[in-house]
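Next up: just one chain, as structure tokens, the form predicted on its own.
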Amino acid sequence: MVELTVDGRTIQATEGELLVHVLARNGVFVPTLCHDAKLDPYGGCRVCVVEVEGAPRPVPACATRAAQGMAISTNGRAEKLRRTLTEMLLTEHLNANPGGRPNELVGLAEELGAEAPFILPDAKREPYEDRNRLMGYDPDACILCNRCVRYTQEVMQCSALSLEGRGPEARIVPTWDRSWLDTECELCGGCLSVCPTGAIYEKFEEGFPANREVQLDKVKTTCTFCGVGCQIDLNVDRETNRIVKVTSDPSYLPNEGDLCVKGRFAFNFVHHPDRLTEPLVRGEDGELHETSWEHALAVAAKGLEEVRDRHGPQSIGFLASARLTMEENFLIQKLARAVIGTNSVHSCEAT
């Protein structure tokens, strides 16, 4: 542990810890746009600058590590620099709402009282048209923080995105200017989730009002597509009571906010008209009829019991699935061995 001074107050930190984390833990507000705890220090946007005694110029808190005896000032000149840098970003921010996601730059500008002194003419950054139906990109909303590119390289270990062009014409594109579908991209939406301005967005959210996501009710649940147990938030529209998107918080375990393409985008089955929402039991007329879960479970239990008593427990086999959680698979084998009395337990993933 080391001691350092922040705005005249002495605090403790782990040696080598990033200043942005030290300050946040001690209740000191220092904004950042390019930083993500999952990614390596970058120091690109510079809105997190602080003054360190002895340093020739302000330093980015997201790329500077704590050391013994540091004297840090987050006010004064650093505060003015943050406002100026925010204003500079706003001058090129031609579209603040391509897909309804929260815009951290706009929120930061409101927090700092910053306004664009002028709006630069259109930089003629070509819009990127992609034939994939899940993700879109608007270069006029992009601040080139590179979080999406770094996410694909450092977290997903692929080269799905890259920077193209120079100066005002620079933009983020799938590698070699191809479609997302023609690169190493798996359409997991991770780049979308780390974008601070919503420049990468869900295509099915185009045209919705700004900050629509914060107006949705989030219901935490477990993804149903495999047995990993990723924790997700179902974003539910209050008026229609329908799921409109899926997100995941970095604090969630075991996935730490990361999702696959199915976990993030394949939620429409919930509202599909052919989906069974009530259990069915075959009646004496030979047809399936809706019933309660209690009655359906009682019928299933009675049927298993009759087969076991007539043909013996080894006449019954249980098929588990990797799509279930570990706890659910444990209960399946317990039902098979302790209740029915058979060791015939198999998994569909083993065939």
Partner chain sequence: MGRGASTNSIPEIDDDRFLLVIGSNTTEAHPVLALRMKKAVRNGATLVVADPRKIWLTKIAKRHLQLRPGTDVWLLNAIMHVILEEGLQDEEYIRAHTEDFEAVREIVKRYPPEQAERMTGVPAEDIRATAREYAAEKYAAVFYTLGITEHACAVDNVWSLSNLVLMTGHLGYESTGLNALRGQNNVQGLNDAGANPSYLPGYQSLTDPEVVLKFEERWGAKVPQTPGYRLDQMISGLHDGRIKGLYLVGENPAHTEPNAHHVEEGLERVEFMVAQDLFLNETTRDHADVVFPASSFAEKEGTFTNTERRVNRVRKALDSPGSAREDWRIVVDFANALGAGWWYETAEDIWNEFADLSPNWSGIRYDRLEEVGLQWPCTDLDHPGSRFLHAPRPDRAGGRAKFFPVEYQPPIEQPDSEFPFVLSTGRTLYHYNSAGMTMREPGVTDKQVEPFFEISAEDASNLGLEEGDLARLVSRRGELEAEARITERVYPGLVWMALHFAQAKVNWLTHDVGDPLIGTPEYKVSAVRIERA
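Residue numbers count along the first chain shown, from 1. We call the rigid core whatever largest set of C-alpha positions still superposes within 1.5 Å between the two forms. Here the structure is a predicted model, which means the values were calculated and not measured.
Not pictured, yet referred to below: the form predicted in complex with the partner chain.
Review point. Does every residue of A24, G69 and L163 put a non-hydrogen atom within 4.5 angstroms of the partner chain in the predicted complex?
Key: Verified in the predicted complex; spot residues all out of contact, no.
Point to revise | Contact assignment for the partner chain in the predicted complex, among L144, M88, I243, A96, heavy atom within 4.5 Å | key: Of L144, M88, I243, A96, the residue with a heavy atom within 4.5 Å of the partner chain in the predicted complex is I243.
Practice item. Heavy atom within 4.5 Å of the partner chain in the predicted complex: which of L181, A116, L120, L81 fits that? Just give me the one. Key: In short, L181.
Review point. Where does the partner chain sit in the predicted complex: which of 163-171, 248-256, 103-111, 192-200, heavy atoms within 4.5 Å?
Key: Result of the contact check: 248-256.
**Study point:** Touches the partner chain in the predicted complex: C148 (any heavy atom, 4.5 Å)
**Key:** Result no; C148 lies far from the partner chain in the predicted complex.
Check your understanding: Is the gap between S347 and the partner chain in the predicted complex 4.5 Å or less for some heavy atom pair?
Key -> Heavy-atom contact with the partner chain at 4.5 Å: present for S347.
**Study point:** Proximity of L216 to the partner chain in the predicted complex, heavy atoms at 4.5 Å
**Key:** Because no heavy atom of L216 falls inside 4.5 Å of the partner chain in the predicted complex, the answer is no.
Check your understanding: Looking at the partner-bound form in the predicted complex, is P279 within 4.5 Å of the partner chain by any heavy atom?
Key -> Contact with the partner chain, yes.
Check your understanding: Using a 4.5 Å cut-off on heavy atoms, what residues in 69-103 are near the partner chain in the predicted complex?
Key -> Nothing in the stretch sits within 4.5 Å of the partner.
Exercise for review: Please check if R9 moves between the shown form and the other one, taking a CA shift of 2 Å or more relative to the superposed core as movement.
Suggested key: R9 C-alpha, core-superposed: shift of less than 2 Å.
Review point. Is there a C-alpha shift of 2 Å or more at W293 between the shown form and the other one once the rigid core is superposed?
Key: After core superposition, the displacement of the W293 C-alpha between the shown form and the other one reaches the 2 Å mark, so yes.
Practice item. Would you say whether R133 is displaced between the shown form and the other one, judging by a C-alpha shift of 2 Å or more on the superposed rigid core? Key: No, R133 moves less than 2 Å.
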